[in-house]
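Quick heads-up: it's one chain on its own, the form predicted alone, in structure tokens.
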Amino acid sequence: MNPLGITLTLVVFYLFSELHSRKRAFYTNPVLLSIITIAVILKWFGIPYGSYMDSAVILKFLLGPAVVSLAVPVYKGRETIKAYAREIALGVAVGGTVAILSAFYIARLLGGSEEVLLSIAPKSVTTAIAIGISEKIGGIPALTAVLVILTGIMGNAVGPELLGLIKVRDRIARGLAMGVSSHGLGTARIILDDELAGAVSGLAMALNGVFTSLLLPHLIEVLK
């Protein structure tokens, strides 16, 4: 197997992680900078994206176990999560609905076509779920995938800082906000700062995926 993809990804991410550890700011976010840098390298050297992905397939495979491993902090924080079950459920319902409506109406205000509106509505759930929803409601799955990734990148880059700026200190609230708004990448970021918030974020991400997949196909008929 060609080692280009996995080597390039690990080296670039390691370098930017070191930079971020020395200069903690949203513009030194290793996920954001790694994506931009790898895209530029692939474009500059004319390396097909498919070839890069084929050579980094092991990282794609490890994504599954990484997501499943989020169950560990959920289990460890189960007593606290159980105590806040009602708040978490309400937060997912309200946050998931607001994520849909805000994306839909902002895109409409900016003159987005119907296909764009349908593509952006499921942006706050994981890629696999969002693509399925997009196909069902008449969006463009490829565009939805891009918007989901961009949402995750933005949450990963500035989510905790934005929550700090508006003085959201509660660990449950911070986890809910990250999980509902920026799914896996947001969860990966918040869990580095606070394991309980990361556990709530992972749970919220999963629950919001189910909630959105059930709600959006019906809600979109009203929004149209």
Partner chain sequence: MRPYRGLAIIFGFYALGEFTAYALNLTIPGSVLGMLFLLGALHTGLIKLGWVEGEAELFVRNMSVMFIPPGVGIVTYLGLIKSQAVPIFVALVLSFLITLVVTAKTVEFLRREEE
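Only a predicted model underlies this, so the values are computations on that prediction, with no experimental measurement involved. Positions refer to the first chain, counted from 1.
Beyond what is shown, the protein has a form predicted together with the partner chain; the following relates to that form.
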Heavy atom of Thr187 within 4.5 Å of the partner chain in the model of the complex: no
Does the 4.5 Å heavy atom contact test between Gly159 and the partner chain in the model of the complex come out positive? yes
Would Ser34 count as a contact of the partner chain in the model of the complex, using a 4.5 angstroms cut-off between non-hydrogen atoms? yes
Contact between Ser113 and the partner chain in the model of the complex at 4.5 Å, heavy atoms? yes
The partner chain in the model of the complex - contacting residues of 169-193, heavy atom within 4.5 Å: Arg169, Asp170, Ile172, Ala173, Leu176, Ala177, Met178, Val180, Ser181, Ser182
Sense of CA distance change between Asn29 and Val168 in the model of the complex, threshold 3 Å: farther
Classify the change in Cα distance between Gly152 and Arg24 in the model of the complex as closer or farther, relative to the shown form (magnitude of 3 Å or more). closer
